[in-house]
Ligand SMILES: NC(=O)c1ccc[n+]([C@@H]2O[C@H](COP(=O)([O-])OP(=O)(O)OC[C@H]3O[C@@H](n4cnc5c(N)ncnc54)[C@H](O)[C@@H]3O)[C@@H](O)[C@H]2O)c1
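Only one chain is given next, in structure tokens, and it is the form predicted alone.
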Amino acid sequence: MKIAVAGTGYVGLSVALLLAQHDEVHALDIIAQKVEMLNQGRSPIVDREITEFLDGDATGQRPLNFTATLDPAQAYAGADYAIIATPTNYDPQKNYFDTSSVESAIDAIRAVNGDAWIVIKSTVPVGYTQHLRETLGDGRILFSPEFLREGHALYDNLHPSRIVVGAPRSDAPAWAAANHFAELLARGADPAEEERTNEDGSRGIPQLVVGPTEAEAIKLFANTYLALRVAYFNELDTYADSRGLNSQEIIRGVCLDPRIRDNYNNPSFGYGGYCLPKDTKQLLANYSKVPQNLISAIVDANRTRKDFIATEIERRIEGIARPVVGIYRLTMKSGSDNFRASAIQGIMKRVKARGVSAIVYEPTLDAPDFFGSEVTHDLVSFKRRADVIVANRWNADLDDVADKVFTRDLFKRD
């Protein structure tokens, strides 16, 4: 079977390598440097499992039927499935995801191949896939959400919490294609997952084939719940810090309740990264004319948390003539090179808006400055020059200047 994948970011590349264990996969990208790196067996993104898969392919220890290309015809001609994993950034002006890259990919696929089943993996608004099927008159479009963490994209495909594919139940061919695609994803997973026992007592990887609109809602509601949990523990931390209480002890005591549990509870500067900020805003937009209070509160809480953090930083530089705030890493999570929409950027903007200078230590950023602030790769100089060092997540690099560091990373983990 031939499978095409449009986009070689975290989602596209991890899915492409997962499927290339068993099928012929052609990954399309518009950036020549990325295509060249992939065909040389080098990963353009930081992800341990992706690097291991590409290394294994190069050495013959893990053979993959994988090719990267710039040519749409090479990728799409004869493909049975064409997966779209292109960016869909949130457009605040339109109050809507920018889905133009998805639509361009569909046009490119259909220009070459009228029969392929198109599977949208890009995150889209609720109702988008069904709208496309109707307006384009194309019944061969499916939707399958991804549930991946930055820096662990391929790992999460190999060990999926669940596999979800959306297709209209009333459309028998589409329903069959959706079930088949779910099986392809499951087949690529770690074989040990077949024997796992889930909380409901079932075994193996849960596979849900549902309507396309329900699949889209699953994605946005799941991410918004995660954002809610981040916002909740951040507000707990704000309260504790404002009242001089031990936030860590309170969180531990709260999370001993088995209904709450000890995960996704480490305070931060706010939820960030590529998915949560845009997905929560898109879900809020989808609530137009639907009563709600909680979803808007989640979005508002994230903004309030960043305001609080910026004020706390400002307190720590009071009395310092011409203070310099050091931003330690722009990345959202440990072991990642992705800093799109990271929470610390919001903190940096707020601090700079108050007239404070900032210097950024980000070894993965090859640029002299970031939004007008100097970028350095010299950690020793960075630690010396900064009056206070702001770190969303702790790193042992900061142990020798712990007295300078401002962080809310209580448990030293993501």
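Residue positions are given as counts along the sequence shown, with the first one as 1. Just so we're clear, the structure is a prediction, and the values are computed from it rather than from any experiment.
Below, we turn to the form predicted together with the ligand, even though it does not appear here.
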If you check in the predicted bound form, do 224, 263 and 393 all have a non-hydrogen atom within 4.5 Å of the ligand?
no
Just give me the single entry in 58, 353, 30, 380 that has a non-hydrogen atom within 4.5 angstroms of the ligand in the predicted bound form.
30
Tell me, which of 168, 125, 87, 323 has a heavy atom within 4.5 angstroms of the ligand in the predicted bound form?
87
Counting only non-hydrogen atoms, which stretch in 188-196, 115-123, 236-244, 281-289 is within 4.5 Å of the ligand in the predicted bound form?
115-123
Look up in the predicted bound form whether residue 6 has a non-hydrogen atom within 4.5 angstroms of the ligand, and give yes or no.
yes
Although the partner isn't part of this model, could you tell me whether residue 148 comes within 4.5 Å of the ligand in the predicted bound form, counting any heavy atom of the residue?
yes
Is residue 385 a contact residue for the ligand in the predicted bound form, using a 4.5 Å heavy atom cut-off?
no
With the cut-off set at 4.5 Å between non-hydrogen atoms, does residue 20 touch the ligand in the predicted bound form?
no
Relative to the ligand in the predicted bound form, which residues of 221-258 have a heavy atom no more than 4.5 Å away?
none
